[in-house]
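First, one chain by itself: the form predicted on its own, in structure tokens.
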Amino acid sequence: MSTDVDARSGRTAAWAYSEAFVPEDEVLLRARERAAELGCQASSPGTGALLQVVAASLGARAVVEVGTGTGVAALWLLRGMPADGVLTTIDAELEHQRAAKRAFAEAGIPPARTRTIPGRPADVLPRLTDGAYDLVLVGSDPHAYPEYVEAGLRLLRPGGVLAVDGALHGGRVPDPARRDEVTTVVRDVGRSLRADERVLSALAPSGDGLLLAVRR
């Protein structure tokens, strides 16, 4: 029994250590504070650092983000992208995008590097060009994850990466007894991508779970 407790304690400590492994600067911390004030979700530091590495490894010059929030994930992505990379970020909440633009300005990011589009992602995503993007991040409205994931796969070039934040949904997804609507939707998205022959997928435990799928 004590061995199991020790193992769980060790895993918790390892998770906390990995989350803090790449520290956030003042710009990110202020963006995170605004997210708390506005009541919107923000990617964890560990998730952000992983997204930065993915963007850098891809040399991602064209990125789409579904769910701008206050710009926390966007800042991480932009720091991993080449200097000429452009992030297209979509959010239905204008107040969120105003906060994100403030964070971009504080970080010294040139306005030409970001394209903030207000509106429902379901309305905006169909207007984007198929096969034109290196990375698509889905990070808002879990109810709509199936629609956003399918749109993201359509937008990716071969070798591009789809990332789904919150793929563990507060730790509920691994528990088969959890069958509420949102948990079921998020769980099914993971299973669908795992079985999808168009992609290779993996689930990283960073933050609240980051599901990654590379387009074949």
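Heads up: residue numbers just count along the shown sequence, starting at 1. In this text, all values refer to a predicted model and were calculated from it rather than measured experimentally.
Form predicted together with a small molecule: not shown, discussed below.
Note on the partner interface in the predicted bound form: the residue among V164, A42, A151, V54 having a heavy atom within 4.5 angstroms of the small molecule is A42. Taking D123, E106, E93, D130 one by one, only a single residue has any non-hydrogen atom within 4.5 Å of the small molecule in the predicted bound form, and it is E93. With a 4.5 Å cutoff on heavy atoms, G80 does not count as touching the small molecule in the predicted bound form; it lies far away. At a distance threshold of 4.5 angstroms between non-hydrogen atoms, L87 is out of contact with the small molecule in the predicted bound form. In the predicted bound form, G160 stays away from the small molecule, with no heavy atom inside 4.5 Å. At the 4.5 Å threshold, heavy atoms of L135 stay clear of the small molecule in the predicted bound form, well away from it. With the small molecule omitted here, the record of contacts in the predicted bound form names 65-73 of 170-178, 187-195, 152-160, 65-73, defined by a heavy atom within 4.5 Å.
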